[in-house]
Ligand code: ASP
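This document starts with one chain, in the form predicted alone, laid out as structure tokens.
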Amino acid sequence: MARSKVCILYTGGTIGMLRTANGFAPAQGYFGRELEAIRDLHSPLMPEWDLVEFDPLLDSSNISYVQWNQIAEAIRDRYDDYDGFVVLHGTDTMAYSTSALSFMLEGLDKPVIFTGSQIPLSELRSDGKDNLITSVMIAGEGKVREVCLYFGNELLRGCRATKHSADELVAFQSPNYPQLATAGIDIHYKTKYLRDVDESTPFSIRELRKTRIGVIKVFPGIQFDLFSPIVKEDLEGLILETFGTGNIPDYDDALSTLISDAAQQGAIVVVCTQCPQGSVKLGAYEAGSALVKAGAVSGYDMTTEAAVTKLSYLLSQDLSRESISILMETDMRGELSK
């Protein structure tokens, strides 16, 4: 039986960095040599793999729609040649990238596994080796057919993941959806949580364009009038991170005015919760009723990462404001549950 083939896309990130006088930094060409030295990657039990190294390597702090398009295009151009893909990426914005690619890769029928490390491969105690080897195995097995994030022995849905620790080796969580798999002695897949694939939809990518989206985190005593300058004609979307199930301060009318102005300018206002777990329930409390009246839509239990990238994905298409509002409240890639 032929071994499966996996394409490793090295986009940058801590996993391939070297120690320099100015701190850890990527070095073009180094990572390929590092992979060749990992004996386990050449085991006959492993999938065959090829490495594609981005040039220049990407700093994950500088990731934007431009880099998301580059990653999507790299997968599209090689889609028919491989059984799965592993994307090596910096951890700081990995959850944004996994969410973005979840929406951009339409009709996806193969594993796309993002991973990286908290400690570079060049250092002692690096978590990168296990993350990489297991990700390649998962990508080659083909049991998941969606964009996922593998880190610290856990496989998470890409559009459900969020980074929760800057210095622990288990750096990501999926607060509102179970793990898709765990890796111990064996890789144990939780099949009932895997997405069904609509095989009638051919694979394609939806490239993103530059969108004008703002994020406001509500806090006690917030003065919403300070944010009024962002509500301009070119504002396309606004994500509100509210208290609890969608509650906001009601000591003045500044927020409802802000939202109403944004809606009149054609912007989509999406309400998310600051709580790691739980869901928005607009109108459940009087303190959140102003959001309903102002025309905001619910993000339910979406992460902020998923809400931002989903809105960017929808705004990049020729859709009406009404259609975008409906789709923001519709589960498209397993990103939300009502």
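Note that residue numbering begins at 1 and tracks the sequence as displayed. A quick note: this is a predicted structure, and the numbers were derived from the prediction, not measured.
A second form of this protein, the form predicted together with ligand ASP, is not displayed here; the remarks below concern that form.
Participant: Which of these residues, Thr134, Thr91, Ser174, Asn247, gets a heavy atom within 4.5 Å of ligand ASP in the predicted complex?
Facilitator: Of Thr134, Thr91, Ser174, Asn247, the residue with a heavy atom within 4.5 Å of ligand ASP in the predicted complex is Thr91.
Participant: Quick one: of Glu48, Asp40, Asp59, Glu34, which gets a non-hydrogen atom within 4.5 angstroms of ligand ASP in the predicted complex?
Facilitator: Selected residue: Asp59.
Participant: Do heavy atoms from each of Ala100, Thr309 and Ser312 fall within 4.5 Å of ligand ASP in the predicted complex?
Facilitator: The answer is no: none of the three residues contacts the partner (heavy atom, 4.5 Å cut-off).
Participant: Which single stretch, out of 186-194, 83-91, 214-222, 228-236, brings residue heavy atoms within 4.5 Å of ligand ASP in the predicted complex?
Facilitator: Of the options given, it is 83-91.
Participant: Against ligand ASP in the predicted complex, would Ile324 count as a contact residue? Criterion: heavy atoms within 4.5 Å.
Facilitator: No, Ile324 sits far enough from ligand ASP in the predicted complex that none of its heavy atoms falls within 4.5 Å.
Participant: Is it the case that Gln118, even though its partner is missing from this view, gets within 4.5 Å of ligand ASP in the predicted complex, heavy atoms only?
Facilitator: Output for Gln118 is yes: heavy atoms within 4.5 Å of ligand ASP.
Participant: Under a 4.5 Å heavy atom criterion, is Met17 part of the interface with ligand ASP in the predicted complex?
Facilitator: Result yes; Met17 sits at the interface with ligand ASP in the predicted complex.
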